[in-house]
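Have a look below at one chain only, the form predicted on its own, in structure tokens format.
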Amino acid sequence: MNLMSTLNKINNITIEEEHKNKLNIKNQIDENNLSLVDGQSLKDISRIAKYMNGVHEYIDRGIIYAHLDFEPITTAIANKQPFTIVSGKNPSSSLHLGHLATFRMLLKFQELGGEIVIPLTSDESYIDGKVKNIKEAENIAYKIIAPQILAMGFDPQKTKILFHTQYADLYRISSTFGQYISINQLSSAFGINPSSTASQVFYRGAVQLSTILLPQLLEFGGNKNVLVPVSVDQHPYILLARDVAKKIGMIPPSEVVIPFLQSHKDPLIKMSSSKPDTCIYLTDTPDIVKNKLNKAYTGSVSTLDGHKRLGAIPEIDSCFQIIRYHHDSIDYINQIYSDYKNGSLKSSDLKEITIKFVNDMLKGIQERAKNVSDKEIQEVTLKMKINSI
């Protein structure tokens, strides 16, 4: 008898009730993801998805589920016109599989013609208390995260990494753009309160939106379409950046929204660097991956008979979600989904499949990251001097 069966017996829960509870979790996740899709500030992606079939795997898989003003980007892709994507990371630890999912999405957009700007926000890591000082964040950004990013296969001719605290002109830009955002706007967007520090106010009200608008400065070719992929909690940053863009004559940036990759411990919480036991890092060893995924939350009920009879709920299964986000073959993903949902694929088998898949994937990234040179990092480091503002 496994742990879930034991708990069910103690709590007098039937297998049917267990399955219903898991289905309720799926419904809750769906509701959470769609709660801010109001048709105005955020729109459902389904209309665009109909004519973008086969263009981007994350749209095909339903991972990109909402957008704001994505149409100019789709036009640029269709007409092979240039556009820029801005998406980064606050460096407090190694990247994990959730971050890898975002970068996988960026890689596909780069293949579709996009130039990539990747901000590594050491300032944010420090002011939000994720590291003890800025130097620690800078070391993580340069020595761990930048090599991991370059190990993913980005085209160095179409990729720039922006190390926030080592790019002095960013603060010149931020001092200019921040003049267009009031404290009342910040409070409305982020809940700024008397306990917020001056650094947090400046970062959220000036630095972050300046990073988003940076590619439209004259030094980078002037006004252009910019896409910012975010999780829904970052949506206020895009609204602020769009507001400033309209005031200064830039093109308001577009947005696509993806859900967090769920923790392997709980489908209702995301993988988070601040909670090391919730995520699989790109630096994890095969034994660590195996241990974490063998204990992972499943979409299956707790008895084999019940699983065969009722099937599983792949949408809340952490192993299936890893396959869904990271495997190259949509046909393979669909087959796993079907077999697991109808009960013919056991949870233990899915875990075994995922453990091998993740370890093979991480082995490649780890080996390539180890060989990334300082010269390669310097070649993609953004250093452009800003004189236009």
Partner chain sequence: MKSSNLTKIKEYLQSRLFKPSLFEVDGLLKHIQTKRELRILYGETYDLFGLTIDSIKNYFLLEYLTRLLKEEDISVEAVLLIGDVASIRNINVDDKNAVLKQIERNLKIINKIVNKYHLSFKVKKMSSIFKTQQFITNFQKVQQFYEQSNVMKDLLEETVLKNRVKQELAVGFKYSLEEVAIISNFDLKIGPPREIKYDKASQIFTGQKPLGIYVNPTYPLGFNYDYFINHPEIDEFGVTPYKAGSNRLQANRIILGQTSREQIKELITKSFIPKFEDLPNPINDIYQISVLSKAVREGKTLSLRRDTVLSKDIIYNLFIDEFNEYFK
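On a predicted model such as this, the values are computed, not experimentally measured, just so you know. Numbering follows the first chain given and starts at 1.
Keep in mind the form predicted in complex with its partner chain is missing from the figure; the text below concerns it.
A residue is said to contact a partner when one of its heavy atoms sits within 4.5 Å of a partner heavy atom; T74 meets this definition for its partner chain in the predicted complex. Contact annotation: V55 falls within 4.5 Å of its partner chain in the predicted complex, judged by heavy atom distances.
Taking non-hydrogen atoms only, I323 never approaches its partner chain to within 4.5 angstroms in the predicted complex. Heavy atoms of L42 never reach within 4.5 Å of its partner chain in the predicted complex, leaving it off the interface. Taking A189, A78, I269, I288 one by one, only a single residue has any non-hydrogen atom within 4.5 Å of its partner chain in the predicted complex, and it is A78. The partner is absent here; in the predicted complex, the one residue of I355, I333, L362, I48 having a heavy atom within 4.5 Å of its partner chain is I48.
In plain terms, the part of the chain that comes close to its partner chain in the predicted complex, with a heavy atom within 4.5 Å, is 64-72 out of 325-333, 28-36, 339-347, 64-72. Residues of 308-325 are not found to place any heavy atom within 4.5 Å of its partner chain in the predicted complex.
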